[in-house]
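Presented as structure tokens, the chain that follows is alone, the form predicted on its own.
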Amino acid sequence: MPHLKPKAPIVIAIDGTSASGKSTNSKLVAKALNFVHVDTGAMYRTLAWYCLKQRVDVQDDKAVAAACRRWKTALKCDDGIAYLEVGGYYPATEIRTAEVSAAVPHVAAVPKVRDWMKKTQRECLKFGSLVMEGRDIGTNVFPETDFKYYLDAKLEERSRRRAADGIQENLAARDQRDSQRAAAPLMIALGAKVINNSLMTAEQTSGTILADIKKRTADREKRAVKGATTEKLKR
């Protein structure tokens, strides 16, 4: 698929359950379109890592919110990847530990944290068009985008994928926490294309997304031309 060259930055929102292939497919789509890739989960992980490093009790909402207010961060973009730097350092390896993984759901459920993250994630538009993955992109961060996708797979398949990565996680419990939290819960965004990729490869999944983006882009251009023609006739 040829690179899109929109007149104004656009956002491809890819949400979904844990181990549904959000990261892999977001990277493939971003590469195909030459867009900036934004892993919002990594941003929450960065805060969780910071809290653990500062010995903040991640189950204390007020303490986590206070840490989010005071930490010194900078939004960076290198090689088509946007991320949060803390004190001039990006803990790329550290945020993937089991300890951070266990802390993330608690940190991500804090409403003040989600407010801060939403504001910061929207600022990523300064880098250009985005492929942004997460759990509330189409519902909360960029609800206005025309390009919304929700990935899912059977629990057994998602658990198998996690195990193949050497990670043991109770995905059913994580799904329940994500969908029942008060602040920006995980849900299917209005107008999102739902893709169950239980039996699909990453190439098939990303190919489905890219084909739909191409179709939606063509439909949007047709509407724009039709609108311009109608406006011209009114004159």
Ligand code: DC
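From 1 onward, residues are counted along the sequence shown. Remember, it's a predicted structure, so these values are computed and weren't measured experimentally.
What comes next is about the form predicted in complex with this ligand, which is not displayed.
In the model of the complex, this ligand stays beyond 4.5 Å of every heavy atom belonging to Gly207. The shortest heavy atom separation between Ala108 and this ligand in the model of the complex is within 4.5 Å.
At a distance threshold of 4.5 angstroms between non-hydrogen atoms, Ile81 is out of contact with this ligand in the model of the complex.
Within 4.5 Å of any heavy atom of this ligand in the model of the complex lies no heavy atom of His37. This chain is displayed without this ligand, yet in the model of the complex the stretch 40-48 from 26-34, 192-200, 61-69, 40-48 comes within 4.5 Å of it by heavy atoms. By the 4.5 Å heavy atom rule, the three marked residues Gly21, Arg122 and Lys148 all fail to count as contacting this ligand in the model of the complex. Annotation for 104-142: interface residues with this ligand in the model of the complex are Val104, Pro105, Ala108, Arg114, Gly134, Arg135, Asp136, Ile137 [heavy atom within 4.5 Å].
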